[in-house]
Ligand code: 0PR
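First comes one chain, alone, set out as structure tokens in the form predicted on its own.
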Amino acid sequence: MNVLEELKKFREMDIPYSRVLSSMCTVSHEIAIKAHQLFINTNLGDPGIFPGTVELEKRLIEMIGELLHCKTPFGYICSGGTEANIQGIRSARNIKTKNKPNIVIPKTAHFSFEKICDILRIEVRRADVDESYKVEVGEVESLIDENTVAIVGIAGTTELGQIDPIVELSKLAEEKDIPLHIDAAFGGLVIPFMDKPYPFDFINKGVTSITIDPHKMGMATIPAGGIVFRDEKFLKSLEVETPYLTSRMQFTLTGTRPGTGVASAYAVLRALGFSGMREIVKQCLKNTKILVEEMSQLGFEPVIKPVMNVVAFRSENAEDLKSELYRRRWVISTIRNPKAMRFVIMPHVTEEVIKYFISELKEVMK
């Protein structure tokens, strides 16, 4: 057996995306794959060697900035939402310089904030959410004190796809003079393309940084996360000296940084344009509606009416159903509060896939 045949056998053990209804990643767009291959040997960690890739990243950040209502965006493409959230909070901590820093986040925030607490040695205070699973702004305000260095709002929660009241959080952040970081890792490339987009981004003056991941709904190759700042001072606050490289300073978290994420994300946005992205989102929302209709016929009720292409259905035996479906090589996820089955309707989750899944679910339920 040669090496490639060996590798293929391992790859065949993986579950194909066509049977995955729980992931916020998807099959990379065809042009993203071609762009990835073209830039496969690039390293943005040593920018003097790859000036073309550096320029491409600058243009991509400008495109993302346009989408997020920021004329002069500062940021970079990183490994994913976790790194972006770390950098967003790290910059706020460095700017505010408190002896015992804390941040206030919704209880629905992503688990990356657990890592932030550990890595940055920052106290994380969790605010309650209301009956629709949006953070309570009054609760956020009650948790703020003189050591609070950042407030966090979520634009597309991981479990339910809900959007926090960011307009109100922004006003609070302005009033308290505290940076507001928005985790839009998923929603950042969904909400702007919806018929009635919620104003989650830099259109709100209190928003200082946004996490947005092109390798999710942007269909870029993995890894391609993103962090964008309104003001250059936040990026500057992250800098360290890099004396033996072709740049004097580096503001990224990782040293070696592939240009493939930049190239693939740029290629998709340039090829499809905002109008093409709108069509992709429209189709995903249409398929989400189809899933809700099919699941409702089986007696499953959504936890909340889907805000975007993420939906969870109440089920006391969600874990058992998940296990049996996985045994059949179907992947869904579950949430604990309330007990529910969770689905993410990505571009690879077509109407045909949904119908096939429902037929399998009916068999499992027997």
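One rule holds for the numbers: they count along the sequence shown, beginning at 1. If you're wondering where the values come from, they're calculated on a predicted model, not measured in any experiment.
Beyond the structure shown, there is the form predicted together with the ligand, which is absent from this document and is the topic of what follows.
K.L.:
Even though the ligand is not shown here, does Gly80 get within 4.5 Å of it in the predicted complex, heavy atoms only?
P.N.:
Taking the distances in the predicted complex, the answer for Gly80 is yes, it comes within 4.5 Å of the ligand.
K.L.:
Is Arg342 near the ligand? Define near as a heavy atom within 4.5 Å, in the predicted complex.
P.N.:
So Arg342 counts as contacting the ligand.
K.L.:
Check whether Tyr244 has any heavy atom within 4.5 Å of a heavy atom of the ligand in the predicted complex, and answer yes or no.
P.N.:
Tyr244 lies outside the contact set for the ligand.
K.L.:
With heavy atoms only and a cut-off of 4.5 Å, decide whether Ser112 touches the ligand in the predicted complex.
P.N.:
Because a heavy atom of Ser112 falls inside 4.5 Å of the ligand in the predicted complex, the answer is yes.
K.L.:
Which residue among Gly88, Gly156, Gly75, Gly261 has a heavy atom within 4.5 angstroms of the ligand in the predicted complex?
P.N.:
Of the candidates Gly88, Gly156, Gly75, Gly261, Gly156 is the one lying within 4.5 Å of the ligand in the predicted complex.
K.L.:
Looking at Lys134, His215, Arg257, Arg230 here, can you tell me which has any non-hydrogen atom within 4.5 angstroms of the ligand in the predicted complex?
P.N.:
By the 4.5 Å criterion, the partner-contacting residue is His215.
K.L.:
In the predicted complex, which of 248-256, 103-111, 169-177, 119-127 comes within 4.5 Å of the ligand (heavy atoms)?
P.N.:
Every other range fails; the passing one is 103-111.
K.L.:
Determine the residues of 161-191 with a heavy atom within 4.5 Å of the ligand in the predicted complex and present them in sequence order; the list may be empty.
P.N.:
Stretch hits, in order: Asp183, Ala185.
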